[in-house]
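Provided below as structure tokens are two forms of one protein chain, presented individually as structure 1 and structure 2.
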Structure 1
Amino acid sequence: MAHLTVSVEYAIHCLLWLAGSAGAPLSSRDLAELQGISQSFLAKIFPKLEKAGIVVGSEGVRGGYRLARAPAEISVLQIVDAIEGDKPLFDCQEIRDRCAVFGDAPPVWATAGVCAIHAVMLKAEQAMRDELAAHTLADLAVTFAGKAPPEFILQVQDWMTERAGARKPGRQSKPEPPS
């Protein structure tokens, strides 16, 4: 798990809207516009989520993405891994065996076992992964729902419904891929 990028934040925000969409597909274009983020950037995130089995896409004018599983079955760790891959947080370079004093042959004591620095980083990464695995999309949705007034959620749902209704066959010059 490398440095967490903005892609993770964008993905989680979009997935929260999908969690509240009652299974209706939402367009990545609409999700991007709703949140004021780049459509082209977001279009690169959804295929990763689809490949990981977090969302499913549907084609067509009224297509889009919906969750592939219940929000309670999607951990934050699964989302992070889908977006960032399983790269380690720390990439140990084993410089302990390159000490100039050792010449070409470092002593066994210098390189035996896991490097103390690497060991600490491994423990930190495991703690982070455990914490991310302990929280689901459903947990985040409950927190969000507790903060946002009900009228806001209704406004967003109305906005999404209006956007979906405005997309009619023939209004686009080319069919939109799953968005």
Structure 2
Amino acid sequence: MAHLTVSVEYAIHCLLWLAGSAGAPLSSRDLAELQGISQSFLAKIFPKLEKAGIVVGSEGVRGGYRLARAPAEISVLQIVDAIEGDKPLFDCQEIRDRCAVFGDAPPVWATAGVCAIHAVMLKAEQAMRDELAAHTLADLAVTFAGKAPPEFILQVQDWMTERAGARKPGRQSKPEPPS
């Protein structure tokens, strides 16, 4: 068939973490390392989410990203559109008015309305989009909460604060050994 990019996958995973962070901003670097994905690549994904109004970024030392609105108000479709743009499923080449018997001037009946094949593809695309629109970040968060044990949340919070602390000279001795 076709294929949604890994950027979409990264984005949704990150947004799920943001949904669980209770409004506190998380940096893209932390999110990348927490999930074992590329920092620089993730850094190119968040601006798209910001332009789409899904997250808001704050610059500076304790900056990062937080959700622009409640998780229940963010659908999977909105995320996909933010990342992928509005590339259609099917790109009609209008072959119907290229028929050899028409010569250079295809008749009106051949070019009027939407190509029947295109119409089917549009309906299929709409069905997919409807399904994506029917699921929100809140739904995903509930599913996740049903699987993860309570102590996991604490472990992640520890990991976050430890990371923040390691950066401040005066706590952990982790000067990042160069390779």
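Everything numeric in this text was worked out from a predicted model, so none of it was measured. Basically, rigid core = biggest C-alpha set you can superpose within 1.5 Å across the two forms. FYI, numbering is relative to structure 1, first residue = 1.
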note = The form predicted on its own is shown as structure 1
task = Answer yes if the Cα of residue 104 shifts by 2 angstroms or more between structures 1 and 2 on a rigid-core superposition, and no otherwise.
result = yes
message = My question is whether residue 94 is one of the residues whose C-alpha shifts by 2 Å or more between structures 1 and 2, given a fit on the rigid core.
response = yes
